[in-house]
Every structure is written in C-alpha cells, then in structure tokens.
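Take a look at this one chain, the form predicted alone, written out in structure tokens.
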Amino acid sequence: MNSQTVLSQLGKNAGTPAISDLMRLAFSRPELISLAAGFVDQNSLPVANTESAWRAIMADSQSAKAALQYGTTQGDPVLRYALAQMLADECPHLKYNPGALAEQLIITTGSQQLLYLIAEALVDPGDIVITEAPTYFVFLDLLAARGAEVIGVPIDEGGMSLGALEQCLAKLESEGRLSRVKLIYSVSEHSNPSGLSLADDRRAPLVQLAKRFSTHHKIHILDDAAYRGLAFDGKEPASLWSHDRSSEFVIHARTFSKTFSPGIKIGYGVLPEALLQVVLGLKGHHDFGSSNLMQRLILQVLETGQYNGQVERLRAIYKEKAETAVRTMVETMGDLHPKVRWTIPKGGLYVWLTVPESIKTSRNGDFFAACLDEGVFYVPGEYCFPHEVEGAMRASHQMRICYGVPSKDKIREGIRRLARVVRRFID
C-alpha cells in the first residue's frame, strides 16, 4: 500500500521562509560576520531588570500563583490598561480614555503572531495586499502562504509614496479589482528593511486614502510599529494609528522584542472593534492566550520604570552602532557615490544599501558567494520585494544591513569586507 501525506493548500504554500535559510547559515558558519540577522545586541539584554522583576513577582505567593496560572485570550487587563495609558501618553492632545482603549487591545505572542492573525482574519487566496517596496520579508512569506496577491508601492526618503499608492488603488478600481484589496501594510517607524520612517505629513493622508477607496468594504491599514520608541533622539511623530480617529481602519501592532527583550516574546495590538472579536476567536484556537507569566513580567518592568530606562539605553547603543556603520560606509565606499548609496537611519536597526544594477545581490549569485568567501553576509534585497511592484521593477542590486548583533569592531570589519567585494565587482 502506497500512502502519502496530503497537505492543505496553506501547507503546500508555506514553503521554507527565507529567514530560515539565513539563520541556518549564521549558525552553521559562526566565523562569518553577520550583517543579516535582525536580532538585538546580545550585550544590551536587560538581565538585571528581568531578574529584579522576576524576584518581585515570585516574592509574594499570591502574585506568583496568579502569574503561573492561565490568563485570558485577550490578555491581562491590568497590563492592557498600562499599555493603553502608555499609548494615550504618546498623544496627549488626542485625550484618549485609557479604560476604553484597553478594551481595544490584545496581547499577543510577539507582534509576529498579530501579523499572522490579521492575515488569517482578512486575507483569502486571491485577495490583494499592498505593501511598501521594499518591506518586511517575513510578512511577504506569510502572505504568499495564504495565496495573497501582493503589490508593492515604491518608497523614497519619506517612506511609502502616496502618489504611487493612489495610482495603484485607482488602477485596481479601473480594472474592477478594488473589491479584492483587503490590506495596506506599512512598517511605519525605522522600517525593516530600509531604516526609514513614514514621514509625518504622509500619515493622515494615508489613512484618508484608505477611507476614500473603501467603497466596497473597509481597506484596513496594518501599522507595523515594531521599532517605535527606538528613535535615536527620542523624538517620533504621532503614530499612523493615532490619525484614525474613527478607530475603524488602522490596526496598530507593537512588540517588546526590540525595545526590551525578544526572549519574553510579548507583543500587543490595537484593533478596530469589528476585527477584535474575530481575531480573539482565532487566537483562542492558537493558544488560549499568550504567556501569563511573561505578561506579568512586562507589567512589572513598566510599573517600576525599568522599561523606559531600557529603551533609553537601547537608543544610545543603536545610535552608536548606526553611526559606526554609516561612517565606515563613507570611509570605504564614499568615493563610489552615487553608484553606491545607503540610507541614513534615525532609529532602529537597519541600513539599506544600493549598488550598481550590474551587481546582483541574490542569495545564489556570485556576489553573495564572494561575500561569504570574504567572511560576511547580508539579507539580499530581492527578498524584501513582492513579485509585483507598482511602476517599478523588483530590485536585485540592493541589500539589508543590520547592525543590531555585531559589536562596533565587527560592524567596521564586516563593512570593510563587504566594501572590498563591492569594489571588486565594480572594477
């Protein structure tokens, strides 16, 4: 008898995410300098703060038992209120009611779970999702698994081009396909992969565009603000979500993975009322609720002020690393400008590097192989583009550089190695 496993369509589409290959490469060849992994600085992890919070939770028997018990699917109500208060404090002029806002909040296992749940709730095979180009490539893999058609909109120094987005929506409307558009996705703060943020003066107009073209149904905006809080000068514009005063269109996704600790794996989101119960139902199928213990730990560091202290520390660390990366690019490749150019991050973990079109930075290309021989690697830029980009081609001559993990000395050496390969291929 010859039997075989028959997969669902989702299982067939899932494939192997690009990030898995890069992580395998990093672990199998530890001698390489990785400018690829979007991980946080190992030496920045809040060991003392976490130990202090843990001891405080465990010091009291009742507190410890509550933390070690199941929680609710939506998340700890005290933590949700604290997060709602934090969001309200970010926009004091809008006078949010933290109690009401807490009811729109959901606690998730990192923001990645929320991205998955939103796609699960909204996107069927053949539906259209519009993203920035380039964008967070792990989300592109997720959408591909769901059978979505993903259309990229080019970015410039101010993030997503709203002119190109409007043209894209108008074109889809003229083709009779606007009814298939479910979601507009933006990594609004210090974007992964470009390092750029959505300009302040584009935020309200983006929400208005989504509303204007919501003629068949609501076109939601997924505001992926995973890196919010990591501006080097501590100043950030009001969130994209805060411009949706009706609370009907924008989904706001946040995480503590980048601003506190990825191992705690806690994220949260603010959802429109029409989506909240659906997403809660789906999350119930996933896990009944995120780790109650980790939620109590996050609440403890928020209440004691340790969280804000850690964020300030991270800003200083990543500012120095970003300056090191950019300064080394200037020293090693500055004379090649504008053939070789890069973004200047004002926060977050990433630089987006562009080389001449004749240099193909693909994973299986000669340039990537030469970089491995030189002892360095990066995220190929083409991973970060959907197959269809409005008014442009998918770029295969770009790369994402992450300065999160390596020390400043390793950043300098890694970029020097990368520059040697660039020069060899230009010559």
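Residue numbers run from 1 along the displayed sequence. These numbers come from a predicted model, not from an experiment.
Just so you know, the form predicted in complex with a small molecule exists too; it's not on screen, but the next bit is about it.
In short, of 272-280, 289-297, 225-233, 323-331 it is 225-233 that has heavy atoms within 4.5 Å of the small molecule in the predicted complex. Taking H252, K258, R203, R80 one by one, only a single residue has any non-hydrogen atom within 4.5 Å of the small molecule in the predicted complex, and it is K258.
In terms of contact with the small molecule in the predicted complex, the residue from Y307, Y318, Y136, W241 that brings a heavy atom within 4.5 Å is Y136.
The small molecule in the predicted complex is approached by G110, whose closest heavy atom lies within 4.5 angstroms of it. Interface residue remark: L115 is counted as part of the site for the small molecule in the predicted complex, having a heavy atom within 4.5 Å.
Remark: V187 counts among the residues lining the small molecule in the predicted complex, judged by a heavy atom distance of 4.5 Å or less.
Residue contact with the small molecule in the predicted complex: K265 places a heavy atom within 4.5 Å of it.
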